[in-house]
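Okay, so here's just one chain, in structure tokens, the form predicted on its own.
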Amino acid sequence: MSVTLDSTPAEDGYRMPAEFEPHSGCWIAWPERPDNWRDAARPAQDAFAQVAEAVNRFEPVTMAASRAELARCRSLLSASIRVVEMETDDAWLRDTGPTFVIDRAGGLRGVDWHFNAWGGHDGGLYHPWDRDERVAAWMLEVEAADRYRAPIVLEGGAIHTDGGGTVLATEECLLHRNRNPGLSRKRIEEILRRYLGAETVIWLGRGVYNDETDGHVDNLACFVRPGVVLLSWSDERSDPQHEISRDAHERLERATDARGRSFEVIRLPSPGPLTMTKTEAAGVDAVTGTRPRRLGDRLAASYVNSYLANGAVIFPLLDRRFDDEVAEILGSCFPDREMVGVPAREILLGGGNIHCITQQVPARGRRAPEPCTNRRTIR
């Protein structure tokens, strides 16, 4: 049973842990809406299943599926993956699920942010979104974790933490008029401190070029460990991503974290540019009120959009010109984890990637399994 609390995580001694800290499991939701996923979502479902199987090698996976898709979902997954019934509007659990927080005693609770489908009626990606608004509370019931109801619209992909009091975010997203109009940067920082147990917010400018989430930070940058940030990077000066990444790099070089440390920034090549093909666009059902998928649309592709499982990095295979190089860089960043590449273009076509569809559950006061020696697996 989950209880809704009147206090805040910071008041109660809770903090948002880093993703490289131990997990007790991972949640994913099954895709199905035909106005976002091509060919009745069948290719996307295959991709989601591959991600689930890859993560499940290292930590338990729970897959949430609607009643209509429950049997198909179960048939495509290993028996060791738990499948539960849950109605959603779409499958982006990083954004609709709770932000889990922990305390020193190993307690686990969750922050339930307001959700408006990345912009509501001012640029949002679909409506209605009422089922997605209920996802976080439902997951917390299943996890038997008490709930904090935060006072702002926020998605999990819009924040990233080192677990030691430092949070990364972008101005493009958190200060956008379609999230929390009327709230100042100072007020948003105050709320992040209260609900994440954070001390310092590092503001980057824009997110990955053409990211329909209004620039989520999880597609641009992430913490490797305290003081070390992985940044999506393009060397091509004519590519709009070059200027975005250069600005982020400069901001990180000028900043210090909650402990006063300067940042080491590691550049991770950007794939592509990648664009949507005629066949891919034609497979999506056009519906009024949802974001159209069109031939030639640039995809917001990034290798940073990966999942840190216990003992592994589950990263997207997006561009054969860069996949091997990315595996080597990630392997050097996480030498005690296995590198597992999963074909992820079908996820990218829907507007995000592996990090966007996953939500880790921090371990409740127990250690993760011993990490594997560094190996690379490309599926």
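Please read all numbers here as calculations on a predicted model, not as lab measurements. Residue indices: 1-based, along the sequence shown.
From this point on, the text means the form predicted in complex with a small molecule, which you will not see here.
In the predicted bound form, every residue of the candidate spot (G157, E212 and H216) has a heavy atom lying within 4.5 Å of the small molecule. In the predicted bound form, none of the heavy atoms of Y307 sits within 4.5 Å of a heavy atom of the small molecule. With a 4.5 Å cutoff on heavy atoms, G341 does not count as touching the small molecule in the predicted bound form; it lies far away. Proximity of Q45 to the small molecule in the predicted bound form: non-hydrogen atoms within 4.5 Å are absent; the residue sits far from the partner. With a 4.5 Å cutoff on heavy atoms, D95 counts as touching the small molecule in the predicted bound form. Heavy atoms within 4.5 Å of the small molecule in the predicted bound form are found in one stretch of 66-74, 347-355, 318-326, 47-55, which is 347-355. Contact annotation: of the candidates R179, R293, R206, R147, the single residue with a non-hydrogen atom within 4.5 angstroms of the small molecule in the predicted bound form is R293.
Here is the short version: of L125, L196, V153, V201, the single residue with a heavy atom within 4.5 Å of the small molecule in the predicted bound form is L125.
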